[in-house]
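As structure tokens, one chain now follows by itself in the form predicted alone.
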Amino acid sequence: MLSEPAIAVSQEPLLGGPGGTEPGPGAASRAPRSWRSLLRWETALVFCLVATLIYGAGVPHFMSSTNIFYIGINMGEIAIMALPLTLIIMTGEIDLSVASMLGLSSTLLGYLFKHGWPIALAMVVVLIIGAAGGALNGFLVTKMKLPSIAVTIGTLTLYRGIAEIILGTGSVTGFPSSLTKIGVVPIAHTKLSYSIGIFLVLAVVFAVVLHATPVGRSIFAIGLQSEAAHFSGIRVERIKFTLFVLSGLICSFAGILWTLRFATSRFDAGTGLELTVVTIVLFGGVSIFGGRGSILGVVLAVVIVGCIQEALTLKNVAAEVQNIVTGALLLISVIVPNSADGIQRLRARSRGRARRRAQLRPTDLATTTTTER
């Protein structure tokens, strides 16, 4: 069992972000300030979503139920991979191999099916291989103490290379139609794709774990200050390792969904999607330095990015321009929150300096002012 964190990290509500410290003197004033900081970002996401919908409303058929279904299809696997990456980034690490694991899983599924394996057994093997790939990332990061960005850039190339060796430039088709229809028909009585339906269920599960359990509080604590979390009794390495295994498992599941949606297995499945996944997580308000974020923000970011991409596609905007938009969102999601944090730190430092000066005697204040000059 994971131990309760001994450092001051509060229990967050179901879909909220990190709160303040435990109740005490001044807690009533600190908590509202923390909530205001969270609501500013998520409120901004809501306004961004409204602006996106207004922009899309001028595009023919953008608001149609059929188009909403296709937005879900296009974003399903990306959204699913964003959930474990959210938890990893909250601990101060990163996994850039998510799309390559999707491609390797798709390739392996096609290879096993081509060689006569039952599709159900092939899926189980693919999930096991995905968890093993995540375990490799986790081992190198937690046991070998290597930086996660370097490790996952390496496995990004490694997994894609293995996929190419397995299938080469060929492809595998002929998957059972009872499974491939998952990608082309909506959930009964809805206009949601199966992948988006799965994402929404997983989002609720991840929200409960992150914002309403000791494990979630431990993840926030690790991201805020890993060393302090370790000395407070939190098993930092075990949690990080488990999150990397979870990422590999869920990305391999996304690879299965991808294969069934296209009814084709190729080594280059999902190439380049890691940029979109990272953009969604950071644009959703998750700090690249860890310790801050919410599942609600990530869900909003999925909707916004999906609507923006679909609106631009319907307007026949070139793929290069869409990549520019994605890159701009990534920069905004990194620059704006950290700029706000920097301003708050400067203000806090200035207020502290003013209080210290107010407590000094007049003669001491004159001496201090002369020294500062």
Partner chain sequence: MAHSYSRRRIGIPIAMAALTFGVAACGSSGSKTTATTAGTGTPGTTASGTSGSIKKGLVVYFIPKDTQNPYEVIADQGGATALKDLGGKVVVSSGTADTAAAQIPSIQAAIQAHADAIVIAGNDPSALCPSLSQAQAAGIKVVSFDSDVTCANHLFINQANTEQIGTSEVDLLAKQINNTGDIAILSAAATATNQNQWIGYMKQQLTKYPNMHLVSTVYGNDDPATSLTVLQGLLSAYPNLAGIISPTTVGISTAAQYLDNHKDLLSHLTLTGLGLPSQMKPYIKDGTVKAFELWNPNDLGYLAGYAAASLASGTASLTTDSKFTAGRLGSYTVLAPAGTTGPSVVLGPPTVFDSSNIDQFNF
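Residue numbers count along the first chain shown, from 1. What we label the rigid core is the largest C-alpha set whose atoms superpose within 1.5 Å from one form to the other. Computed from a predicted model, the values in this text were never measured in an experiment.
There is another form of this protein, the form predicted together with its partner chain, and it is not shown here; the text below is about that form.
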So which of 258, 159, 199, 220 gets a non-hydrogen atom within 4.5 Å of its partner chain in the predicted bound form? 258
Per contact check vs its partner chain in the predicted bound form (non-hydrogen atom within 4.5 angstroms), the hit among 118-126, 73-81, 222-230, 291-299 is 73-81
Report yes if any heavy atom of residue 266 sits within 4.5 Å of a heavy atom of its partner chain in the predicted bound form; otherwise report no. yes
I'd like to check something about residue 262: if you look in the predicted bound form, is any of its heavy atoms closer than or equal to 4.5 Å to a heavy atom of its partner chain? yes
Contact between residue 213 and its partner chain in the predicted bound form at 4.5 Å, heavy atoms? no
Contact test in the predicted bound form: residue 54 vs its partner chain, heavy atoms, 4.5 Å: yes
Residues in 135-159 that come within 4.5 Å of its partner chain in the predicted bound form by at least one heavy atom, in order, are none
If we fit on the core, is the Cα of residue 326 displaced 2 Å or more between this form and the one not shown? yes
Do you see a C-alpha shift of 2 Å or more at residue 317 between this form and the one not shown, with the core held fixed? yes
